[in-house]
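One chain comes next, on its own, written out as structure tokens in the form predicted on its own.
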Amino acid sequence: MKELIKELSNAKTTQDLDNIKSKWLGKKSELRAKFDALKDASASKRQKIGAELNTERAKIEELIENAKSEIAMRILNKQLANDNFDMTLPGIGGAVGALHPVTIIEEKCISALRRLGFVPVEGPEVETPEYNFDLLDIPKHHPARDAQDTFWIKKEELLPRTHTTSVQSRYMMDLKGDESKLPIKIVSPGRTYRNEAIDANHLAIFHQFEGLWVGHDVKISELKGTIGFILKEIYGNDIKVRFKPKFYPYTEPSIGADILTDRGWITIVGAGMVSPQVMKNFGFDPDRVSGFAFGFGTSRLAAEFAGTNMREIYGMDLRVFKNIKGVK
């Protein structure tokens, strides 16, 4: 051991230590030869000799590791002594991340609608046809129920929701037709799933942001005002908005809203007054209770807001995210 300690004290670099370790613990070391010779020792002596050799090996490894720590500290102190770096300076913080464009749009919508009295609600992403289709007056023969439009988990029993309107169905059914709980104003943001052909503006998994206002004497003028208010909150007061007639099974009458972009008019939202049949399905008298619903394609809103397309919004190419406007 005295020879080993002397060699370690003379070592200057980690490479010197590696050479010493190879000499004392390597395949050609004296210690390895002693281990190889154990097979020739008698059974009565083999255990004792083996224990002594293991103790010796552990001691050698400890001495080498201690020497390695001393050399590392010596090298560090030498670098610090020759460096003008001030160790008392505060550290450099890591880069701060940014919100995803979809999250930015959701937060803008929720913030705007809170000022109008709306509250966010959530629901399951795996739904039953009752809440996703039946209560919304979407009949069994409707194309939306077909496999080319819906990812069925179990045919006619379970599916990933195709819209967040299913959240509104659940909320309304929980009211059990009690008019004393009206008016209600809710928004249901979240992920939805459809069997879509994927292109720059269509995806199989995307985000929606839907709202529902039900009460007494709710008018379509309030619906148009709400949609216009949200779009101005997102894009500013100069945004051009137009409304046009549409058809949806669960609203009557139905409208769509377009915004004017560099690529022309883009449909952003579908909406309408809740149909009398859907109101009956929810347990309310349509002669006494009215309401409107609207649904934004959050992903499309985010893409337009960020100056890119839906496919890029969900891609993880950081080069794209560094260049799109609206994301800092």
Ligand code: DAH
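All residue numbers are counted from 1 along the displayed sequence. Since we're looking at a predicted model, the values are computed, not measured.
Beyond what is shown, the protein has a form predicted together with ligand DAH; the following relates to that form.
- The contact residue chosen from Ala67, Ala303, Val289, Ala293 relative to ligand DAH in the predicted complex is Ala293, the criterion being a non-hydrogen atom within 4.5 angstroms.
- For the candidate set Tyr171, Phe243, Phe118, Tyr248, a heavy atom within 4.5 Å of ligand DAH in the predicted complex is found for exactly one residue, namely Tyr248.
- Mapping the unseen interface onto this chain, Arg194 counts among the residues with a heavy atom inside 4.5 Å of ligand DAH in the predicted complex.
- His163 belongs to the set of residues with a heavy atom inside 4.5 Å of ligand DAH in the predicted complex.
- At a distance threshold of 4.5 angstroms between non-hydrogen atoms, Gly270 is in contact with ligand DAH in the predicted complex.
- Ligand DAH is not shown here, and in the predicted complex it never comes within 4.5 Å of any heavy atom of Glu106.
- Partner contact region in the predicted complex: 250 to 258, out of 250 to 258, 149 to 157, 89 to 97, 226 to 234, criterion any non-hydrogen atom within 4.5 Å of ligand DAH.
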